[in-house]
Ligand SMILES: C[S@@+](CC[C@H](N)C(=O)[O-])C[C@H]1O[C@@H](n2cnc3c(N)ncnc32)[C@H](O)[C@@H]1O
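A single chain, nothing else alongside it, follows as structure tokens in the form predicted on its own.
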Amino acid sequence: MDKPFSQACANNQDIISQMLTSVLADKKRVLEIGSGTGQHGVFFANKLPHLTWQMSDRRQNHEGIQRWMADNPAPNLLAPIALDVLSDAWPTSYYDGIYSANTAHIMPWQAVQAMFTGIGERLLSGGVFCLYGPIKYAGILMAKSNQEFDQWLQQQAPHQGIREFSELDSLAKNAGLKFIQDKAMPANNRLLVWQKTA
């Protein structure tokens, strides 16, 4: 079996790692929610050797992640843990960084809610949550590519769709997080950063 491959991960990992280098400069332990193929985890662990990077995903994706790990070993990269935010127990560890890419628009809304609740519980005071992906603002998607992507998502499954920033920020506030950064990224994506308050 060949390793699973995401072209989107290959395209965006350099620019995301540049942003994370700054955002996570003083952090030590990061949980990645929805590691997917594992490409981001192995890339970021190599680029950010001061971090312990914990990948997580649903069990059916672990074999592919482990194949990426086998070909790209790093002492600071931990084997994936099972985490379906709706059905699995969250890890008992605490983290000063949590990262997730291209998950919120794929998950059903109740899973997005559960993700933010879990993040609020596992993130240390002063820790940050970084969410990457397309975002809607005041109900508007400015880029035609995002409008088409949103329509395509909803055709695939009614529960999918690009999420509204204000609704995500409301979930974050309820979880004890304060919004601190919104960075424009290539291909009409954003990197949103919240910080856990005391």
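Everything numeric in this text was worked out from a predicted model, so none of it was measured. Position 1 is the first residue in the sequence shown; the rest follow in order.
The next section is about a form of this same protein that is not shown, the form predicted together with the ligand.
Trainee: With the ligand left out of view, choose which of Leu77, Val128, Val85, Ile119 has a non-hydrogen atom within 4.5 angstroms of it in the predicted complex.
Mentor: Result of the distance check: Val85.
Trainee: Can you confirm whether Ala143, Gly161 and Asn189, the three residues that make up this candidate site, all sit within 4.5 Å of the ligand in the predicted complex, judged by heavy atoms?
Mentor: No, because Ala143, Gly161 and Asn189 lack any heavy atom that approaches the ligand to within 4.5 Å in the predicted complex.
Trainee: Since only the chain is shown here, I'm wondering whether Cys9 would be in contact with the ligand in the predicted complex (any heavy atom pair within 4.5 Å).
Mentor: Although the ligand is absent here, Cys9 would touch it in the predicted complex, with heavy atoms inside 4.5 Å.
Trainee: Does any heavy atom of Met107 come within 4.5 Å of a heavy atom of the ligand in the predicted complex?
Mentor: Met107: contacts the ligand in the predicted complex.
Trainee: Contact between Arg58 and the ligand in the predicted complex at 4.5 Å, heavy atoms?
Mentor: Answer yes; at least one heavy atom of Arg58 falls within 4.5 Å of the ligand in the predicted complex.
Trainee: I'd like to know whether Gly64 contacts the ligand in the predicted complex, with contact meaning heavy atoms within 4.5 angstroms.
Mentor: Because no heavy atom of Gly64 falls inside 4.5 Å of the ligand in the predicted complex, the answer is no.
Trainee: In the predicted complex, which of 162-170, 27-35, 66-74, 135-143 comes within 4.5 Å of the ligand (heavy atoms)?
Mentor: So the stretch in question is 27-35.
Trainee: Can you tell me which residues in 89-123 come within 4.5 angstroms of the ligand in the predicted complex, by heavy atoms?
Mentor: Residues within 4.5 Å: Ala101, Asn102, Thr103, Ile106, Met107, Ala111.
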